[in-house]
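First, one chain by itself in C-alpha coordinates, the form predicted on its own.
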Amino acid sequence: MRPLALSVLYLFAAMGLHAATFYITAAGLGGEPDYDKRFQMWSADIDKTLRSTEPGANVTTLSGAEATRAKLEAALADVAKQARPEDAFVLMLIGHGTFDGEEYKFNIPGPDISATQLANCLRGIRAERQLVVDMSSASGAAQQALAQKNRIVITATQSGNERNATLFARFWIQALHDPGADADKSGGVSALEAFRYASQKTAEFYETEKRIATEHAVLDDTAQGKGVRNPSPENGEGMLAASFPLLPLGAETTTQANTPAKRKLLARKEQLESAIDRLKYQKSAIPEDEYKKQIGALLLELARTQAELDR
(Lines give C-alpha, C1' and ligand atoms only; values in the text may rest on other atoms or scores of the structure.)
Protein backbone atom coordinates (compact mmCIF):
# COMPACT_ATOMS: atom_id res chain seq x y z
CA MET A 1 0.00 0.00 0.00
CA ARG A 2 1.27 3.51 -0.78
CA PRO A 3 2.53 5.66 2.14
CA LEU A 4 -0.19 8.27 1.57
CA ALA A 5 -2.93 5.65 1.64
CA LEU A 6 -1.46 4.19 4.81
CA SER A 7 -1.40 7.58 6.49
CA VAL A 8 -5.04 8.14 5.59
CA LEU A 9 -5.90 4.68 6.87
CA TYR A 10 -4.28 5.36 10.24
CA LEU A 11 -6.01 8.74 10.40
CA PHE A 12 -9.39 7.11 9.84
CA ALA A 13 -8.54 4.42 12.38
CA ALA A 14 -7.79 7.08 14.95
CA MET A 15 -11.00 8.89 14.08
CA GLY A 16 -12.83 5.61 14.56
CA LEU A 17 -11.93 5.62 18.24
CA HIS A 18 -14.43 8.43 18.76
CA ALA A 19 -16.74 7.88 15.80
CA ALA A 20 -19.60 5.53 15.11
CA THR A 21 -20.17 3.23 12.17
CA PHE A 22 -23.67 2.68 10.81
CA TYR A 23 -24.37 -0.44 8.75
CA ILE A 24 -27.53 -1.20 6.79
CA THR A 25 -27.85 -4.47 4.89
CA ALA A 26 -30.90 -5.22 2.75
CA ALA A 27 -31.57 -8.59 1.12
CA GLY A 28 -34.17 -8.21 -1.60
CA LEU A 29 -36.52 -10.57 -3.40
CA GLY A 30 -35.11 -13.83 -4.68
CA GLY A 31 -37.90 -14.51 -7.12
CA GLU A 32 -37.77 -18.21 -6.24
CA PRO A 33 -37.32 -20.08 -2.92
CA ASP A 34 -33.67 -21.04 -3.39
CA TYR A 35 -32.59 -17.46 -4.06
CA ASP A 36 -34.72 -16.22 -1.16
CA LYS A 37 -32.97 -18.62 1.21
CA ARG A 38 -29.49 -17.73 0.01
CA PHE A 39 -30.09 -13.99 0.15
CA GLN A 40 -31.40 -14.31 3.69
CA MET A 41 -28.47 -16.52 4.75
CA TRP A 42 -25.98 -14.06 3.27
CA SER A 43 -27.54 -11.09 5.02
CA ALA A 44 -27.65 -13.02 8.31
CA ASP A 45 -23.96 -13.88 7.90
CA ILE A 46 -23.08 -10.21 7.42
CA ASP A 47 -25.21 -9.22 10.41
CA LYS A 48 -23.54 -11.75 12.71
CA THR A 49 -20.06 -10.83 11.52
CA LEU A 50 -20.59 -7.11 12.06
CA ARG A 51 -22.10 -7.56 15.51
CA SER A 52 -19.35 -9.91 16.66
CA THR A 53 -16.40 -7.90 15.35
CA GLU A 54 -17.65 -4.39 16.13
CA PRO A 55 -19.97 -4.51 19.19
CA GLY A 56 -20.43 -0.73 19.24
CA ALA A 57 -21.58 -0.50 15.64
CA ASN A 58 -25.14 0.40 14.67
CA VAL A 59 -26.31 -2.58 12.62
CA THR A 60 -29.63 -2.80 10.78
CA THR A 61 -30.47 -5.82 8.64
CA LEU A 62 -33.59 -6.12 6.51
CA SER A 63 -34.43 -9.34 4.68
CA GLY A 64 -37.43 -11.24 3.43
CA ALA A 65 -40.75 -9.51 4.06
CA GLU A 66 -38.97 -6.88 6.18
CA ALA A 67 -36.94 -5.52 3.27
CA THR A 68 -39.60 -3.16 1.94
CA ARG A 69 -38.93 0.26 0.47
CA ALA A 70 -40.70 1.92 3.40
CA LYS A 71 -38.53 0.13 5.96
CA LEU A 72 -35.33 0.74 4.00
CA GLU A 73 -36.17 4.43 3.67
CA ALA A 74 -36.99 4.57 7.39
CA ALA A 75 -33.67 2.93 8.29
CA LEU A 76 -31.78 5.42 6.11
CA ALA A 77 -33.73 8.31 7.62
CA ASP A 78 -32.79 7.07 11.09
CA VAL A 79 -29.10 7.09 10.14
CA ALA A 80 -29.53 10.59 8.71
CA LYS A 81 -30.80 11.74 12.12
CA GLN A 82 -28.01 10.10 14.10
CA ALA A 83 -24.86 10.14 11.99
CA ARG A 84 -22.34 12.93 12.50
CA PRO A 85 -19.77 14.11 9.93
CA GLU A 86 -17.01 12.15 11.70
CA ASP A 87 -18.99 8.89 11.51
CA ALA A 88 -18.95 6.20 8.82
CA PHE A 89 -21.83 4.63 6.93
CA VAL A 90 -22.05 1.36 4.99
CA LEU A 91 -24.99 0.22 2.86
CA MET A 92 -24.98 -3.29 1.38
CA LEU A 93 -27.65 -4.51 -1.05
CA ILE A 94 -28.04 -8.22 -1.81
CA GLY A 95 -30.43 -9.54 -4.43
CA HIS A 96 -31.67 -8.89 -7.94
CA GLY A 97 -31.86 -5.62 -9.83
CA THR A 98 -33.45 -4.54 -13.08
CA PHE A 99 -32.65 -1.94 -15.72
CA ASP A 100 -35.12 -0.81 -18.37
CA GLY A 101 -32.64 1.27 -20.33
CA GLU A 102 -33.28 4.37 -18.26
CA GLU A 103 -33.67 3.47 -14.59
CA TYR A 104 -32.12 0.89 -12.29
CA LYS A 105 -34.30 -0.63 -9.57
CA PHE A 106 -33.46 -2.89 -6.64
CA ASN A 107 -36.06 -5.65 -6.32
CA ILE A 108 -37.73 -5.76 -2.89
CA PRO A 109 -41.19 -6.76 -1.56
CA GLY A 110 -43.81 -4.26 -2.71
CA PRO A 111 -42.65 -1.26 -4.76
CA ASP A 112 -39.00 -1.52 -5.85
CA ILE A 113 -36.59 1.28 -5.01
CA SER A 114 -34.78 3.05 -7.84
CA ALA A 115 -31.21 4.30 -7.82
CA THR A 116 -32.53 7.87 -7.88
CA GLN A 117 -34.79 7.28 -4.88
CA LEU A 118 -31.95 5.59 -3.03
CA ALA A 119 -29.61 8.49 -3.78
CA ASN A 120 -32.19 10.95 -2.44
CA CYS A 121 -32.36 9.01 0.84
CA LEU A 122 -28.57 8.91 1.12
CA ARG A 123 -28.27 12.65 0.53
CA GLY A 124 -29.40 13.38 4.09
CA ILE A 125 -26.68 11.26 5.71
CA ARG A 126 -23.93 13.54 7.01
CA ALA A 127 -21.27 10.87 7.60
CA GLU A 128 -18.25 11.94 5.57
CA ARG A 129 -17.06 8.37 5.04
CA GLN A 130 -19.57 6.33 3.06
CA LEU A 131 -19.55 2.98 1.30
CA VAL A 132 -22.39 1.65 -0.87
CA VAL A 133 -22.09 -1.92 -2.14
CA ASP A 134 -24.83 -2.94 -4.56
CA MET A 135 -24.38 -6.65 -5.24
CA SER A 136 -27.43 -7.13 -7.46
CA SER A 137 -27.74 -7.82 -11.15
CA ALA A 138 -27.78 -4.75 -13.43
CA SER A 139 -26.34 -2.72 -10.51
CA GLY A 140 -23.79 -0.99 -12.73
CA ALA A 141 -26.64 1.20 -13.93
CA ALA A 142 -26.85 2.70 -10.43
CA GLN A 143 -23.30 4.07 -10.46
CA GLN A 144 -24.11 7.52 -11.84
CA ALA A 145 -27.01 8.19 -9.47
CA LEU A 146 -25.12 7.02 -6.39
CA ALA A 147 -21.86 8.86 -7.05
CA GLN A 148 -20.98 11.51 -4.46
CA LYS A 149 -17.86 13.05 -3.00
CA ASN A 150 -16.36 10.94 -0.18
CA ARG A 151 -18.54 7.97 -1.12
CA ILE A 152 -17.23 4.64 -2.38
CA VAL A 153 -19.65 2.95 -4.77
CA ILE A 154 -19.13 -0.71 -5.60
CA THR A 155 -21.46 -2.58 -7.96
CA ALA A 156 -21.45 -6.26 -8.90
CA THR A 157 -21.84 -5.41 -12.59
CA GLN A 158 -20.24 -2.82 -14.81
CA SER A 159 -23.48 -1.85 -16.54
CA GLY A 160 -27.23 -2.30 -16.49
CA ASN A 161 -26.92 -4.77 -19.34
CA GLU A 162 -25.34 -7.46 -17.14
CA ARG A 163 -28.71 -8.77 -16.01
CA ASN A 164 -28.00 -12.33 -14.84
CA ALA A 165 -28.05 -13.25 -11.16
CA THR A 166 -24.70 -12.34 -9.59
CA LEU A 167 -22.19 -14.29 -7.51
CA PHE A 168 -20.31 -11.25 -6.17
CA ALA A 169 -22.19 -11.20 -2.84
CA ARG A 170 -21.02 -14.70 -1.97
CA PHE A 171 -17.38 -13.76 -2.31
CA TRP A 172 -17.80 -10.34 -0.70
CA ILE A 173 -19.04 -12.12 2.43
CA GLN A 174 -16.23 -14.65 2.16
CA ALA A 175 -13.78 -11.75 2.29
CA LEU A 176 -14.99 -11.02 5.82
CA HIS A 177 -13.78 -14.43 6.98
CA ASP A 178 -10.79 -15.36 4.82
CA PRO A 179 -7.39 -14.24 6.19
CA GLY A 180 -6.27 -13.96 2.58
CA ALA A 181 -8.53 -10.95 2.05
CA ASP A 182 -6.37 -8.90 4.43
CA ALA A 183 -3.69 -8.41 1.78
CA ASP A 184 -1.62 -5.84 3.69
CA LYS A 185 -1.87 -7.81 6.98
CA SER A 186 -3.17 -4.76 8.84
CA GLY A 187 -5.54 -6.80 10.99
CA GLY A 188 -8.62 -5.47 9.18
CA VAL A 189 -10.22 -5.67 5.74
CA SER A 190 -10.56 -2.46 3.74
CA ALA A 191 -13.25 -1.84 1.15
CA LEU A 192 -10.61 -2.05 -1.58
CA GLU A 193 -9.27 -5.37 -0.27
CA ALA A 194 -12.77 -6.85 -0.10
CA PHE A 195 -13.53 -5.57 -3.62
CA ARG A 196 -10.37 -7.06 -5.09
CA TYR A 197 -10.85 -10.35 -3.26
CA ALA A 198 -14.50 -10.75 -4.32
CA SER A 199 -13.79 -9.66 -7.91
CA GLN A 200 -10.94 -12.16 -8.26
CA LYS A 201 -12.93 -15.01 -6.72
CA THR A 202 -15.90 -14.27 -8.98
CA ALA A 203 -13.70 -14.31 -12.08
CA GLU A 204 -12.04 -17.55 -10.95
CA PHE A 205 -15.42 -19.23 -10.54
CA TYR A 206 -16.44 -18.48 -14.13
CA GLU A 207 -13.04 -19.62 -15.40
CA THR A 208 -13.15 -22.86 -13.43
CA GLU A 209 -16.66 -23.62 -14.64
CA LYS A 210 -15.63 -22.69 -18.21
CA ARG A 211 -18.48 -20.21 -18.42
CA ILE A 212 -18.58 -16.76 -19.97
CA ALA A 213 -18.52 -14.22 -17.15
CA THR A 214 -21.83 -12.38 -16.97
CA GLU A 215 -20.75 -9.95 -14.24
CA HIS A 216 -17.79 -7.62 -13.82
CA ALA A 217 -17.66 -5.69 -10.54
CA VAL A 218 -16.53 -2.07 -10.62
CA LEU A 219 -15.54 0.55 -8.05
CA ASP A 220 -15.76 4.33 -8.06
CA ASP A 221 -14.53 6.46 -5.16
CA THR A 222 -13.86 9.73 -6.99
CA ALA A 223 -17.51 10.62 -7.74
CA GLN A 224 -17.01 10.06 -11.46
CA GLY A 225 -20.20 8.01 -11.69
CA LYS A 226 -18.47 5.31 -13.71
CA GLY A 227 -16.62 2.57 -11.87
CA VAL A 228 -13.47 0.77 -12.95
CA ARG A 229 -12.64 -2.91 -12.72
CA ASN A 230 -9.04 -2.40 -11.63
CA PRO A 231 -8.62 0.60 -9.29
CA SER A 232 -5.07 1.90 -9.38
CA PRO A 233 -2.95 5.06 -9.10
CA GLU A 234 -2.96 5.17 -12.91
CA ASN A 235 -6.74 5.64 -13.15
CA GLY A 236 -7.00 7.53 -9.87
CA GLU A 237 -9.51 5.14 -8.29
CA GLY A 238 -9.17 3.15 -5.08
CA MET A 239 -7.40 5.46 -2.63
CA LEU A 240 -10.51 6.24 -0.60
CA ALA A 241 -11.53 2.57 -0.65
CA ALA A 242 -8.05 1.55 0.56
CA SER A 243 -8.47 3.79 3.60
CA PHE A 244 -12.00 2.66 4.47
CA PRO A 245 -11.96 -0.18 7.04
CA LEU A 246 -14.86 -2.45 6.19
CA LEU A 247 -14.11 -4.16 9.45
CA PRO A 248 -12.25 -2.18 12.12
CA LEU A 249 -8.48 -2.27 12.43
CA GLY A 250 -7.45 -4.79 15.02
CA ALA A 251 -10.76 -6.67 14.86
CA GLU A 252 -10.64 -10.43 14.56
CA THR A 253 -11.80 -10.72 10.97
CA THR A 254 -11.23 -14.46 10.76
CA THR A 255 -13.15 -15.74 13.77
CA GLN A 256 -14.63 -18.51 11.65
CA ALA A 257 -11.22 -19.72 10.48
CA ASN A 258 -9.18 -19.92 13.67
CA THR A 259 -9.33 -23.71 14.23
CA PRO A 260 -8.83 -26.72 11.94
CA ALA A 261 -12.47 -27.72 12.47
CA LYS A 262 -13.72 -24.28 11.47
CA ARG A 263 -11.46 -24.19 8.43
CA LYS A 264 -12.84 -27.57 7.36
CA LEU A 265 -16.38 -26.24 7.73
CA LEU A 266 -15.53 -23.13 5.71
CA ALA A 267 -14.10 -25.32 2.95
CA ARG A 268 -17.28 -27.40 2.96
CA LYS A 269 -19.38 -24.24 2.84
CA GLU A 270 -17.46 -23.07 -0.23
CA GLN A 271 -17.99 -26.47 -1.90
CA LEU A 272 -21.72 -26.30 -1.24
CA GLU A 273 -22.02 -22.72 -2.52
CA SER A 274 -20.20 -23.71 -5.72
CA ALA A 275 -22.39 -26.79 -6.14
CA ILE A 276 -25.51 -24.64 -5.77
CA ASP A 277 -24.27 -22.17 -8.40
CA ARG A 278 -23.44 -25.00 -10.80
CA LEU A 279 -26.85 -26.58 -10.28
CA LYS A 280 -28.64 -23.27 -10.89
CA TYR A 281 -26.72 -22.88 -14.16
CA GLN A 282 -27.87 -26.37 -15.24
CA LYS A 283 -31.46 -25.83 -14.12
CA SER A 284 -32.98 -25.70 -17.60
CA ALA A 285 -31.54 -29.12 -18.45
CA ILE A 286 -32.83 -30.87 -15.32
CA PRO A 287 -36.42 -32.06 -14.69
CA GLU A 288 -38.12 -29.66 -12.28
CA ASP A 289 -38.78 -32.26 -9.58
CA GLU A 290 -35.16 -33.44 -9.68
CA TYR A 291 -33.89 -29.87 -9.55
CA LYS A 292 -36.03 -29.09 -6.49
CA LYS A 293 -34.82 -32.26 -4.79
CA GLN A 294 -31.15 -31.50 -5.42
CA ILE A 295 -31.30 -27.77 -4.60
CA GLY A 296 -33.28 -28.50 -1.43
CA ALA A 297 -30.70 -30.99 -0.20
CA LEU A 298 -27.81 -28.62 -0.92
CA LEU A 299 -29.49 -25.67 0.80
CA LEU A 300 -30.30 -27.81 3.84
CA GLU A 301 -26.69 -28.95 4.16
CA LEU A 302 -25.49 -25.38 3.65
CA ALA A 303 -27.74 -24.18 6.46
CA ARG A 304 -26.46 -26.93 8.75
CA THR A 305 -22.86 -26.08 7.89
CA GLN A 306 -23.47 -22.39 8.62
CA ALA A 307 -25.09 -23.33 11.94
CA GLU A 308 -21.98 -25.30 12.88
CA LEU A 309 -19.80 -22.33 11.96
CA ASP A 310 -21.93 -20.04 14.10
CA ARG A 311 -21.49 -22.13 17.24
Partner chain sequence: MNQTSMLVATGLLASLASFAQTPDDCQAFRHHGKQDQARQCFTGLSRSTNPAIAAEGYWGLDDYQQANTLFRTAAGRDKASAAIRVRWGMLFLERFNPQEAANLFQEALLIDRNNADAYLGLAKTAAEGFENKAEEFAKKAIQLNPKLVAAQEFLAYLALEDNNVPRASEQAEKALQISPEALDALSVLATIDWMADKTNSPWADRIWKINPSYGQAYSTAGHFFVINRRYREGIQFYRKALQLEPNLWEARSQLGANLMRLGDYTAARQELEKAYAAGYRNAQTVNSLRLLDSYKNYETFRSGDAVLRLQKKESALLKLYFQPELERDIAYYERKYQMKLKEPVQLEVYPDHEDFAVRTMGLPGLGALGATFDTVVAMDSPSARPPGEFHWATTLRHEMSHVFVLTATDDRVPRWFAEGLAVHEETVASPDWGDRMTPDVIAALQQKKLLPLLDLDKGFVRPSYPDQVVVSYFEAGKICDYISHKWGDAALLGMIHSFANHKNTTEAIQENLHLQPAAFDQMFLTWIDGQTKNTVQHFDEWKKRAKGLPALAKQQRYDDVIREGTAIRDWYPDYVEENSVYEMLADAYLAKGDKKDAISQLERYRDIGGRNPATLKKLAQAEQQAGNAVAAIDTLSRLNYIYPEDGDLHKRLGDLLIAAGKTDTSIREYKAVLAWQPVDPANSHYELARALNTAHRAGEARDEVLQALELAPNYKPAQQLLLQLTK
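Take the two forms, superpose them, and find the largest set of C-alpha atoms that agree within 1.5 Å; that set is the rigid core. Residue numbers count along the first chain shown, from 1. A quick note: this is a predicted structure, and the numbers were derived from the prediction, not measured.
One more form of this protein should be noted, the form predicted together with its partner chain, which is absent from this view; the next part is about it.
The putative spot formed by 273, 299 and 302 is fully lined by its partner chain in the predicted bound form; each residue has a non-hydrogen atom within 4.5 angstroms of it.
Think of it this way: in the predicted bound form, its partner chain has a heavy atom of just one of 201, 216, 71, 126 within 4.5 Å, and the residue is 201. Checked against its partner chain in the predicted bound form, the residues 225, 110, 236, 180 give one hit for a heavy atom within 4.5 Å, which is 180.
Taking the partner from the other structure, its partner chain in the predicted bound form has no heavy atom within 4.5 Å of any heavy atom of residue 161. Proximity of residue 103 to its partner chain in the predicted bound form falls outside the 4.5 Å heavy atom cutoff. Under a 4.5 angstroms non-hydrogen atom cutoff, its partner chain in the predicted bound form lacks residue 150 among its neighbouring residues. Although the partner is absent from this view, residue 89 stays clear of its partner chain in the predicted bound form, with no non-hydrogen atom inside 4.5 angstroms. Stretch 206 to 214 is the answer when you ask which of 139 to 147, 206 to 214, 93 to 101, 80 to 88 has residues with heavy atoms within 4.5 Å of its partner chain in the predicted bound form.
After superposition on the rigid core, the Cα atom of residue 59 is displaced by less than 2 Å between the shown form and the other one.
Residue 37 shows a C-alpha shift below 2 Å between the shown form and the other one [criterion: core-superposed Cα displacement of 2 Å].
After superposition on the rigid core, the Cα of residue 24 moves by less than 2 Å between the shown form and the other one. In the predicted bound form, the Cα-Cα separation between residue 207 and residue 291 grows by 3 Å or more relative to the displayed conformation. In the predicted bound form, the CA atoms of residue 47 and residue 295 move apart by 3 angstroms or more relative to this form.
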